[in-house]
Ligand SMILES: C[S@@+](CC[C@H](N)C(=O)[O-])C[C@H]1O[C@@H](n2cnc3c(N)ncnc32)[C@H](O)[C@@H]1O
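The data below hold one chain only, encoded as structure tokens and taken in the form predicted on its own.
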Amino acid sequence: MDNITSRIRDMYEQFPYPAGRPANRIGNDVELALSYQNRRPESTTARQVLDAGCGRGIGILGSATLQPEVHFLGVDINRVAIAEAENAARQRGLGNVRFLESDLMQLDGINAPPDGFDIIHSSGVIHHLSAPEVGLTKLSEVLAPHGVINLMVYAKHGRTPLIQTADAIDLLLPQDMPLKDKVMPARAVAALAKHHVLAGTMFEKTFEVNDVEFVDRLLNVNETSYDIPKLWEVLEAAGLRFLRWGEPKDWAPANLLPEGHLRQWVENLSEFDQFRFIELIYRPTTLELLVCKADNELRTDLKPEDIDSTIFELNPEIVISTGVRQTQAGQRVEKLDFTLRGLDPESLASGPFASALLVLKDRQGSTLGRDLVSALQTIGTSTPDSNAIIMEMVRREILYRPWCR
């Protein structure tokens, strides 16, 4: 373990990250993540997930609870956090999750599945490594050919005010000052920055957050923030490629820009340059994306002629709510909303699309396309209309196509 890694471990063992309780996080459903890429998984055994830098297990414990058929391995250099996560797993009676102390730049002690891990989660970790490119390369080596890495790193442009505040604290405080003694004077700097460099940003009230979050933001001993060109460069060096954003709407000109010349100009750019433009103008604070092996790619679009033989499921990240009125003639649905990945609710007016979503809401598990068409026909939807509705639901990610085993 190099000196920087050792210092990072000392910091996080003093302030185990993150604070909070286990929760189901957006982007953690295994079958959904696998459905985005274009290679059919060959193995018929249980899916294998690696949480690379699991910390206190906040994410992995929630995922293991909701996906008992999946095997999870959480690794971290933080011995305090690993012990806490193991204890939490025992208390919850989770037999499908285990934890291991391991350096991501070495992956010592990890016995990867023969075909590699199906999914690797690495959220807010790679950018703290002393050599991020080495860590990503190691993860690529244990990723299955069809595998997906759910990655989050800090974004340079959106975090610039926070970086400037941290630099000011570094100027003020001696490098050899004990970390716990830095918190009070650093909070004073953050309180001042609230009215200046942090004003109007999401980090404005950093001086008020708990000590664990505060140290992670402003007293971290090592971090690298990325812009898109630099991140793409590191991914390529590791044998990986961009698959899709965790939230595509945040990067879609049609969703961000009003109709007109500006949107047309942006849409005429290459996809890569569209991303760069959006990054520079909207300044996200994190880059959250799915990546895959360099020889894999985004899954091909569904074709109408393939609907009958395709397996569909309702997106596990969707929440559907209905407003029902009790009448003498029985129940009448007067309102139908759905929320995808925690975004703003979308309301559907009464009609074939809304009726189809009501049918889907009560179906459990996978459904073959031809059976789904038959179900929609029972509510008076013609075959062509049923096919059109299914295509639109896939486009809007209400339905997804799991890879059948």
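Residue numbers run from 1 along the displayed sequence. The model shown is predicted, which means the values in this text are computed figures rather than measured ones.
FYI, the form predicted in complex with the named molecule isn't displayed, but the following is about it.
- Using a 4.5 Å heavy atom cutoff, none of Phe312, Ser366 and Ile389 lies near the named molecule in the predicted complex.
- Although the partner is absent here, Ile8 lies within 4.5 Å of the named molecule in the predicted complex, judged by heavy atoms.
- Among heavy atoms of Glu279, none comes within 4.5 Å of the named molecule in the predicted complex.
- The closest non-hydrogen atom of Ser102 lies within 4.5 Å of the named molecule in the predicted complex.
- In the predicted complex, the named molecule sits beyond 4.5 Å of every heavy atom of Pro113.
- Of the residues given (Asn78, Ser140, Asn296, Thr206), Asn78 alone sits with a heavy atom within 4.5 Å of the named molecule in the predicted complex.
- Stretch 48-56 is the contacting one of 48-56, 30-38, 375-383, 63-71, since its residues have non-hydrogen atoms within 4.5 Å of the named molecule in the predicted complex.
- Contact residues in stretch 110-133 (any heavy atom within 4.5 Å of the named molecule, taken in the predicted complex) are Ser123, Gly124, Val125, His128, Leu129.
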